[in-house]
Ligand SMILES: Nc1nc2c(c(=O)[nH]1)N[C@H]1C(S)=C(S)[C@@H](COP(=O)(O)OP(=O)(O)OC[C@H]3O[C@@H](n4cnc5c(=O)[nH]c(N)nc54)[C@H](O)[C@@H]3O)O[C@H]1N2
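Take a look at this single chain, the form predicted alone, given in structure tokens.
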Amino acid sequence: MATTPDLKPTACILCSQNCGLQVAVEDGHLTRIRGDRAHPVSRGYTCEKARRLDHYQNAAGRLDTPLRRRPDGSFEAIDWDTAIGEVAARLGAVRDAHGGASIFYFGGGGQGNHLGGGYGRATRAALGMKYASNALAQEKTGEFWVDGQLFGRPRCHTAPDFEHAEVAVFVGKNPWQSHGFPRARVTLKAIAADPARTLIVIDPRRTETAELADIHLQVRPGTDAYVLAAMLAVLVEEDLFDDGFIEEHTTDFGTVQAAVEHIDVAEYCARAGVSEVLVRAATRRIAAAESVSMLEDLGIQQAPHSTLNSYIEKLVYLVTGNFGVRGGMNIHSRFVSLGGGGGGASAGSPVGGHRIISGLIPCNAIPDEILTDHPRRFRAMIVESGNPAHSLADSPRMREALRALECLVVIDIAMTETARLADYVLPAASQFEKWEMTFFNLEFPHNALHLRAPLLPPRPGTLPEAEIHRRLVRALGGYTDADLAPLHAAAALIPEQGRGAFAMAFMGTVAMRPALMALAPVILYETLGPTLGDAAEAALLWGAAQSCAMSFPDAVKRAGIAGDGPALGDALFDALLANRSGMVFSVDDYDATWQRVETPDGRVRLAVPELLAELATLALAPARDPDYPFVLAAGERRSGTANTIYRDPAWRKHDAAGALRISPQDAAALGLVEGATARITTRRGSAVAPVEITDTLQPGHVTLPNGLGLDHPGADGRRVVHGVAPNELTSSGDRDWLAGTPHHKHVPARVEAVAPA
């Protein structure tokens, strides 16, 4: 009788929740996947998508050797020593000729694939690179900027407390599919089933979450700002705001009050296509509740007025006093901060002066910074765990920009659309072949970490990013053996004396050579790493643990971690290594939120002049282009879509071709029937897709799914593209004026019938 394979703890890598999993491994395959009940946050919960992760681990097209582009455009396999030497020389030559700021970094993340990005910082420092971006700059940077204006710093990121909220509000968010908080479907069902609680959804589509809602404000696509502004105006008009909270904790409410008093609630509701009665009812329910949590997402973050949307949404919960309270919005602790560093941020991007938020250049601005003769243009790129040729707006222009570079280096596990344009491709180990940890630690009052051990050894010919970056930094002359000698000597004492001597040696070394601090990730990997057994890649987390313990000592101690000063950081690091199913690293009371507000006076600054000025212009909205009468939401999340690390289309059990969803009214007007083929055309491009007719959409609104349009080897080995790549249809010029985030959810389009079913 065959034995049942052991289940090993790991995590899902398909969204920011990174739910804990238990996985059986047989012959290199993930054969059995279920939720891990020992995980402190997900507690056994997972959605259906995680069960198909073997399609990621064992997809055709995995890389197993470094590749170099030949003059004719084809690739040849090279060994690692040659690859590292040539990459260091090519990038070093660009740096020497034009400065490190001319080399741009993209990625370093991916869902759950974060340790590699940490090590990438060392390579960036060795090259003197200043500018970076990643997927957060496609969606979250506008919200980060608003957090900075309201609470003092962009890192003052807020967490909802839906488990305890009397009223839950989702704006442009469908957590049934996109999650965004722990155990989303369980929590949604609990709220919907409780008559004392209320679920409010603002969304142009009748999503799975909207089906559960008590109040669904089904706005016209792109008009969320009108509904949110109307709700804020109702709070002022009907005197529903929390005077005591505003007086004690905020400044500039009078400025906000004056800015919304002119709003005609009935007119704004009419513009949004929703009932004024329903908007007033939703607003009154929010104002009357003991606690309200709100969550926004790409539906408003990738649409017109995206940063303004984030601002007004936050004002609604702030002026009703739902901040720093149980069941409301709170500022969580952090193990590391989201976003990048700040090099060069004060002057904006080097060519266009685009606003840099959390150290990230807007993704839509990247081609502008390359396709120019400006002397400070980007001339080379490192792309790590990212696929900008597919995932960023206006793929044709992005491809043009990537081809214009003097050198493009891609670090990835697969031959992505971006890798096909590279000069060098460096094959990384998969997320299940190396130590990894998510840096999306966003929960309150209990915040958790999960360091994941590898399930499998690295595929022959691949390396974990920690080793790739160590070799690159060495080849670039970042440090020598002599620089590390004191650290190696101190590390040898750790088994008997602990890490105290190592900490002292590390601080002494960087004091003597401050430039080494920026190389700390690979230095720790090379010196502290060998003391961690097979967990050497976790070495950089020792520094993060020390920083976390220093920033949040009381919260860390409440989580059961003992010690003071560096001993507390060491204990946190040891606990992280020991808890294979994850651990709670901080426990807060609700007063902690006020300790984390970083304004000079500790008060929330309600007035943001730039956005109040935009609010005043809402009445001047431009008319629709009659040549493009539809609004396309490019990248709808469905049960059969995930992030693009799922390249193998076989993982999708339904909607394999990625249907264009359309309302019954529009289908009838166009002569379309279920399964027929339609052509969708935007100002940027055109594509054909099968049609799915659904009454969840309003007339004039159509959607295409995210995660499609990737190529994958067919049965004959040739690459086949499955479905429509949404960014062949989007434009990099359609972006938020402040944060530069793209309008993926609001693309003017027209639809035509092509052929019957």
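We number the residues from 1 along the sequence you see. In this text, all values refer to a predicted model and were calculated from it rather than measured experimentally.
The next section is about a form of this same protein that is not shown, the form predicted in complex with the ligand.
*Asks:* Taking the ligand as it sits in the predicted bound form, is G658 in contact with it (heavy atom to heavy atom, 4.5 Å or less)?
*Replies:* G658 lies outside the contact set for the ligand.
*Asks:* Check T438 for me: does it contact the ligand in the predicted bound form (non-hydrogen atoms, 4.5 angstroms)?
*Replies:* Answer no; every heavy atom of T438 is more than 4.5 Å from the ligand in the predicted bound form.
*Asks:* Although the ligand is absent from this view, report whether A592 comes within 4.5 Å of it in the predicted bound form, heavy atoms only.
*Replies:* Contact check for A592: no, nothing within 4.5 Å of the ligand in the predicted bound form.
*Asks:* Using a 4.5 angstroms cut-off on non-hydrogen atoms, would N387 count as touching the ligand in the predicted bound form?
*Replies:* Result yes; N387 sits at the interface with the ligand in the predicted bound form.
*Asks:* Would the ligand in the predicted bound form be within 4.5 angstroms of a non-hydrogen atom of every residue among D203, A303 and I413?
*Replies:* Spot residues vs the ligand: full contact, yes.
*Asks:* If contact means a heavy atom within 4.5 Å, which one of 475 to 483, 599 to 607, 633 to 641, 189 to 197 is the stretch that engages the ligand in the predicted bound form?
*Replies:* Among the candidates, contact is made by 633 to 641.
*Asks:* Can you work out which of A667, M381, L232, I645 has a heavy atom no more than 4.5 Å from the ligand in the predicted bound form?
*Replies:* Checked against the cut-off, the match is I645.
*Asks:* Within 4.5 Å of the ligand in the predicted bound form, heavy atoms considered, which of L318, V219, V146, A555?
*Replies:* After the contact test, the surviving option is V219.
*Asks:* Note that the ligand is not shown here; using its position in the predicted bound form, name the residues of 725 to 739 with a heavy atom within 4.5 Å of it, in sequence order.
*Replies:* Going through 725 to 739 in order - heavy atoms within 4.5 Å of the ligand in the predicted bound form - the hits are P726, N727, T730.
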